[in-house]
Ligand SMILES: CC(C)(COP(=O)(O)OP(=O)(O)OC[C@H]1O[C@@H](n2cnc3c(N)ncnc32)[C@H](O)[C@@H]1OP(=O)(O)O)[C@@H](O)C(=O)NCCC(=O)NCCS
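This document opens with one chain alone, in structure tokens, the form predicted alone.
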Amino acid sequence: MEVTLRAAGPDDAGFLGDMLVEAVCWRPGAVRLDRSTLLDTPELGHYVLGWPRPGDRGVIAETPDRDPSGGPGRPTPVGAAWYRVFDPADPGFGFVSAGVPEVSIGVVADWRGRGVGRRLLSALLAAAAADGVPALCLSVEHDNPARHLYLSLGFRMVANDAGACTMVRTTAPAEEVSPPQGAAE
């Protein structure tokens, strides 16, 4: 099925919260937090609360829907990637410096492994480059399959602890972050 991308706006805060749940609770069989519990947890909620703040940027992946009569319906969001600048006094898990926004990305479980995350992250990298953002950072658990996606898109590990690593990717023009022709997504 076709997936389209669009910029995240103020009305997408709830969906970003849902995608933060997907990002945090990615492990199959793990206890899932509900959105309100997650947002009430300060070290997690600050990734979405107050969306959008100045400097925030996001991308939403959607599938076209059809209404029961076969006509066009409302699009269904299936994933999101966004970045936010954090203050050193309230850093994110992947914080590297005040001038480097941290990426969050979540894809609905049924849509993982279909290239949605790659498209979202590639679009976010292109947007960051267009905005003059010098680099993006993120934190990923060592056993999270998304780590391979980040490495394939040029993120490099800059810090490592027992459970997760922090990765950074300098930004580049959009054509430099797109997957090569014929690359598997």
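For every residue, the number given is its place in the sequence shown, counted from 1. Keep in mind it's a predicted model, so treat the numbers as computed, not measured.
This next part talks about the form predicted together with this ligand, which is not shown.
K.L.:
Can you pick the one in Val48, Val140, Ala61, Ala123 that has a heavy atom within 4.5 Å of this ligand in the predicted complex?
P.N.:
It is Val140.
K.L.:
Taking the partner as it appears in the predicted complex, which of 48-56, 126-134, 146-154, 35-43 has residues with heavy atoms within 4.5 Å of this ligand?
P.N.:
Of the options given, it is 146-154.
K.L.:
State yes or no: in the predicted complex, is some non-hydrogen atom of Trp111 no more than 4.5 angstroms from a non-hydrogen atom of this ligand?
P.N.:
Taking the distances in the predicted complex, the answer for Trp111 is yes, it comes within 4.5 Å of this ligand.
K.L.:
Is Pro77 near this ligand? Define near as a heavy atom within 4.5 Å, in the predicted complex.
P.N.:
Because no heavy atom of Pro77 falls inside 4.5 Å of this ligand in the predicted complex, the answer is no.
K.L.:
Residue-level contact is defined here as any heavy atom of the residue lying within 4.5 Å of this ligand in the predicted complex; does Ala23 satisfy this criterion?
P.N.:
Ala23: yes, in contact with this ligand in the predicted complex.
K.L.:
I'd like to check something about Gly106: if you look in the predicted complex, is any of its heavy atoms closer than or equal to 4.5 Å to a heavy atom of this ligand?
P.N.:
Although this ligand is absent here, Gly106 would touch it in the predicted complex, with heavy atoms inside 4.5 Å.
K.L.:
What are the residues of 80-94, in order along the chain, with a heavy atom within 4.5 Å of this ligand in the predicted complex?
P.N.:
Not one residue comes within 4.5 Å of the partner.
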